[in-house]
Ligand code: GDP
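Single chain ahead, written as C-alpha cells, the form predicted on its own.
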C-alpha cells in the first residue's frame, strides 16, 4: 500500500492549511520535511501526539507548523497518519505538498483517505458516503441528518432488515441440506410476518428518500411564466437580494439565471427563465427554448401568473406542462386585485398560493407551501435516511425480491423457491452497506469525493 498525501483544506487562502499524509511511510515522510522543536522526531512519538516545529526543504525553512501523529489502527484511515498544520497560503501549501511527494508520498486520489477508512473497516459504505453529504450540507437539518448516517443510523437499519432474511435463509438451507437432523420446522406464518415487517421498514426508507434529498441535496426548481408576470421579482424574493433584473419591459430576462437558495428546511437550485411566449426576436427565442428545456427537466416547477388578469392561452399552456409534476402555481400581483382564484388552477398543479412578490411577507407563505408539498415540515433528521440514488436503487431491488418471497409463501411454493427470493433480497442490502460490493462500485462512490478527504 502506497503512502498518500494531499491538501485537506479548501483551495483558498486561510489562517491554517492542512497537508494530510497516510500510509505505512507517513511518519517517515513527515520526519523528512518537519523538524520538531527539541530533539525528538515524530517517529519516536506515540499516537495522538502533537508537536510544534518547522517545515523545511533541506537547509531552507519554509514555515512554522504543528504536526499531529496518529498511529494505526487508531486513525481516520486505520493507517499511520500525520497532519501538518501550517499557515494557509496557497503557494505555501503547494510547496509543502510537493515536499511530501518528493520525499516518498504519492498524490491522493479523490476520496482516497475515506476509501482507505472503508477498506480498513473504520466505516461501512453508507457511513463513508455520508461524509460528502455532511461537507456539502446547506443547513442544520441537512448536517444533522448526514451526521446521523455517519454515526451508523442507516447502517443499523439496513443490517436489522438484512438479518431477518439472513436468519431465514440459514434456517431454510439447513433444513433442506440436513433433512435427517433434528432441525426445527419452519413456521411459514411467522416467516411471512417477519418478512412483511422488514418490508415495511424498507418501504418507509424508500418513501422518505425524496424528502431527504430536498433537505440534503436540494431540489432542481424552475420559475416559469409569461413575460412580465413577476418571475424575476420572485427570484429576488427567494434569494433575499437583487439577482435578476426587474423592469416593466416584457422579455427583459433572455437567459436562464441560476442560483441556490435555502427556503426554510428546503434547498432550491433555482432557475429564473425567460418569459415563455411566441417571439420573433432571435435572442429572446433562444432564451425561451432554454426555459422550455428547464421546464421539462426540473424536479419542481414554480409557475407564476399575473393574478390581476384573466388566464389566457399562454398561461394555460404553461399550467398544462405542470400537470402530474410537483408544482406550485404562484398567483402573483395580489396588490393589484385578484381576478384568478386558486380553484381556477388546481386542476393543473399540486398546490397554489396567492401573493405579491414585492411583499416580503410572501416569503413565509411560499416557505409553508414548499415544506408542505415536499413533506419537509415534519422531517426528522434523527431517522435513518437514504442519501443517494445508489442506496435507493439497492433498497428498491431488495424490495422487489422481498415481495417475490412473500408471494412464494402465499402460493405454497417449496422452501427452495422461497429461499431463492430471500437470497436475492439479501444481496442488494449487503451491497448498500459495502459488505458485498464490487470494486467498480467502490471506485465509483469515492470518485465523487473531493481530493483530501
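Positions refer to the first chain, counted from 1. Just so we're clear, the structure is a prediction, and the values are computed from it rather than from any experiment.
Note that the form predicted in complex with ligand GDP isn't included here; everything after this is about it.
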**Request:** Scan 332, 327, 126, 77 and let me know which has any heavy atom within 4.5 Å of ligand GDP in the predicted bound form.
**Result:** 332
**Prompt:** Quick one: of 233, 141, 148, 350, which gets a non-hydrogen atom within 4.5 angstroms of ligand GDP in the predicted bound form?
**Reply:** 233
**Item:** Stretch in contact, per heavy atom within 4.5 angstroms of ligand GDP in the predicted bound form, of 318-326, 156-164, 333-341, 208-216
**Value:** 333-341
**Prompt:** Any of the heavy atoms of residue 122 lying within 4.5 Å of ligand GDP in the predicted bound form?
**Reply:** no
**Prompt:** Would residue 370 count as a contact of ligand GDP in the predicted bound form, using a 4.5 angstroms cut-off between non-hydrogen atoms?
**Reply:** no
**Prompt:** Does at least one non-hydrogen atom of residue 171 fall within 4.5 angstroms of ligand GDP in the predicted bound form?
**Reply:** no
**Distance check, residue 226 to ligand GDP in the predicted bound form, heavy atom within 4.5 Å** = yes
**Request:** Let me know which residues along 340-358 have a heavy atom within 4.5 Å of ligand GDP in the predicted bound form, or say none if there are none.
**Result:** 356, 357, 358
